[in-house]
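The data below hold one chain only, encoded as structure tokens and taken in the form predicted alone.
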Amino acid sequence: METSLEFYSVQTMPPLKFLWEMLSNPLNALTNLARINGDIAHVKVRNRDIYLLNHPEFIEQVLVRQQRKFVKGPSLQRAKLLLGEGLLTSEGEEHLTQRRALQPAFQRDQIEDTMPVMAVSTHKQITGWKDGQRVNMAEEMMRLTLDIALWSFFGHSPEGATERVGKAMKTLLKIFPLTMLPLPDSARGWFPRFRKASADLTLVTEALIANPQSVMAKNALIQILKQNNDGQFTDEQIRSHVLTFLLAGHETTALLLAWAWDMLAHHPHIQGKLQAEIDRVLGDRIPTAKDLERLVYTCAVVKETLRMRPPAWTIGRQAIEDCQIGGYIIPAGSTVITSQWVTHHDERYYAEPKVFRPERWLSRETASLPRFAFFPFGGGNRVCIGEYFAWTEAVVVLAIAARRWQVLPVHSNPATPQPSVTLRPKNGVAVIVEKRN
């Protein structure tokens, strides 16, 4: 698919207008900024230059080709307040060293070995549903993916861990944006609920680190951290990694699944096609690694959900040296934003971008998409290390749950996206679950 690049001078939006729109509706603000100002849009807020890049070639420049000229955005840098120096927050050679050490836990065969764990957790979750019951799929999927993460990454689920982490997550999502403001460290005392949530997460983290060597843990992430053969991880880094994968390892996949159920509930013909494929391919057995390639339509549903409702809806970077993109110089110190939400809804790449249509991924329509017209997991050396885990988990959960249950919408319209650290459904995803014959 060929698209034109816009090499004219960068357009600038008035800062107060931009800030007001970002506060009221960030998704619309970025979409309008790109629509009105082109593929490179500029806003200057209190002496800080902010650029929104909205062309796949420009996005690739930032995430891949010139990635060494950028570091994580200011907000995620301040996430060290909670996550410490883990994989998500580290930079440069330190990040690459950590990633290489952790990569064995995310090899394809290692992840596929956890598919029975995913199946057991899913069966346990869906057997609690009652025919005709109204459930909040956002909450259901959070509990499910947390259980899967605990068993897959750490080999066990400490008593009370699910409840502690779930409660802490709700608190952090409400308070974390405030803690991300450029305040002194002493300001943490202003947020007692944040400190309580952090303390609860610390208790769970310590319990996971102290896990005895169970059979489940022998090849899991926790084993790599505890062996620490080359001494590359300090005790503090081990705790940071455990906390990072405890939170990031379940939250975004839970949102992906919640959004998928929301879409399926409001598109019964698509849900029917999904279930027909699952019945034909699986029958009554659980999915295997070979089935992942055969569940073609199920994968297309996952991919279309990631396009329309990307849990990671924006990526921020800070330039550490001047760089040239699209014939324009972006000076050092500037903040650069790329947005999955904006690009995934761009009419230049997707016909009817607001329509949920998994079939687009099974035709020539998307065969010639530019590489970064679709980037739900980021790109470059900071691409999500758990990408294949998330894909596998989403397919397994949908295949097992949709085989037994169908979902009906409670409300006439799909849930409203609410952008925060991630893209969450405002007020959850309410559906009625009905047993299939």
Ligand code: HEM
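None of the values given here were measured: they were computed from a predicted structure. All residue numbers are counted from 1 along the displayed sequence.
We do not show the form predicted together with the ligand, though everything after this point is about it.
Query raised in the report: For the chain seen here without its partner, which of 282-290, 192-200, 261-269, 240-248 has a heavy atom within 4.5 Å of the ligand in the predicted complex?
Result: Comparing against the ligand in the predicted complex, the contact stretch is 240-248.
*Pick from Pro376, Pro26, Gly38, Pro56: which residue has any heavy atom within 4.5 angstroms of the ligand in the predicted complex?*
Here the answer is residue option Pro376.
Sort through His95, Arg360, His344, Arg143 and report the residue having a heavy atom within 4.5 Å of the ligand in the predicted complex. Looking at His95, Arg360, His344, Arg143 one by one, just His95 meets the 4.5 Å heavy-atom criterion.
- Query: Is it the case that Pro419, Arg424 and Val429 all touch the ligand in the predicted complex, with a non-hydrogen atom of each within 4.5 angstroms?
  - Reply: No, none of Pro419, Arg424 and Val429 comes within 4.5 Å of the ligand in the predicted complex.
Discussion item. At 4.5 Å between heavy atoms, is Lys303 in contact with the ligand in the predicted complex?
Written reply: Heavy-atom contact with the ligand at 4.5 Å: absent for Lys303.
Do Arg382 and the ligand come within 4.5 Å of each other in the predicted complex, heavy atoms counted? Arg382: yes, in contact with the ligand in the predicted complex.
- Is there a heavy atom of Pro311 lying 4.5 Å or less from a heavy atom of the ligand in the predicted complex? Contact with the ligand, yes.
Heavy atom of Tyr328 within 4.5 Å of the ligand in the predicted complex | No, Tyr328 sits far enough from the ligand in the predicted complex that none of its heavy atoms falls within 4.5 Å.
>> Using a 4.5 Å cut-off on any heavy atom, which residues of 246-269 would contact the ligand in the predicted complex?
In response: The stretch 246-269, when checked against the ligand in the predicted complex, contributes Ala248, Gly249, Thr252, Thr253, Leu256 at the 4.5 Å heavy-atom cut-off.
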